[in-house]
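This document starts with one chain, in the form predicted alone, laid out as C-alpha cells.
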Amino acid sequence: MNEEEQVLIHCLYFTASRFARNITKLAERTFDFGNLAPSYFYMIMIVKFHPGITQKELCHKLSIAPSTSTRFIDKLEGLKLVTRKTSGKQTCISLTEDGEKVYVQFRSSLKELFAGYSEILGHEFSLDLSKMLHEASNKLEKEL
C-alpha cells in the first residue's frame, strides 16, 4: 500500500465524508417523497415522538444549529407538514395531519433503507457500524 492510500484509508475525516456521500445517495433514492432531503424526515420523526417540542430541544436532538432548524422548519411549515407556535422566546413545533402521513411513509422507507445497506454491508455489520458511529459522535460532541 502506498503512502497516499495509507493516508486516505486511515483518515477518519476522509473516510467518514466518503461514507456519508454514499449513504446519502442510498437514502435519497429510498426517501423519494418529492423535494425534501432525507434530513427533513428525521426532523419530522423527532417532532412525531415529541409533539410540541421546542426548537431548542429539536436542535439538541438532531445536533444542528438554530439557523439550520429555522430553515428546515420554515420549509416544513410551508409544505403544511408542521405547525409552529411561539410563546415568549420559545417556539414549539408539532406535526399536521399531512406531517403524520409523511411520517408513516418515512418509517416504512427507513426499513427499506436498512434492508438496502444491510444487503450490501451485512446485517450485523450495519448494526455495529451504526452503533459505533453513534458512540463516536457522542464522544466528539462532548469534546467540541
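Sequential numbering from 1, following the sequence displayed. Here the structure is a predicted model, which is why all the values come from computation and not from measurement.
Form predicted together with another copy of the chain: not shown, discussed below.
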Which one of 56, 29, 85, 101 is close to another copy of the chain in the model of the complex, taking close to mean a heavy atom within 4.5 Å? 29
Using 4.5 Å between non-hydrogen atoms, is residue 63 touching another copy of the chain in the model of the complex? yes
Look up in the model of the complex whether residue 33 has a non-hydrogen atom within 4.5 angstroms of another copy of the chain, and give yes or no. no
When the contact criterion is heavy atoms within 4.5 Å, does residue 90 count as touching another copy of the chain in the model of the complex? no
Any non-hydrogen atom of residue 39 within 4.5 angstroms of another copy of the chain in the model of the complex: yes
Scan 106-123 and note down the residues that get a heavy atom within 4.5 Å of another copy of the chain in the model of the complex; none is a fine answer too. 107, 110, 113, 114, 117, 120, 121
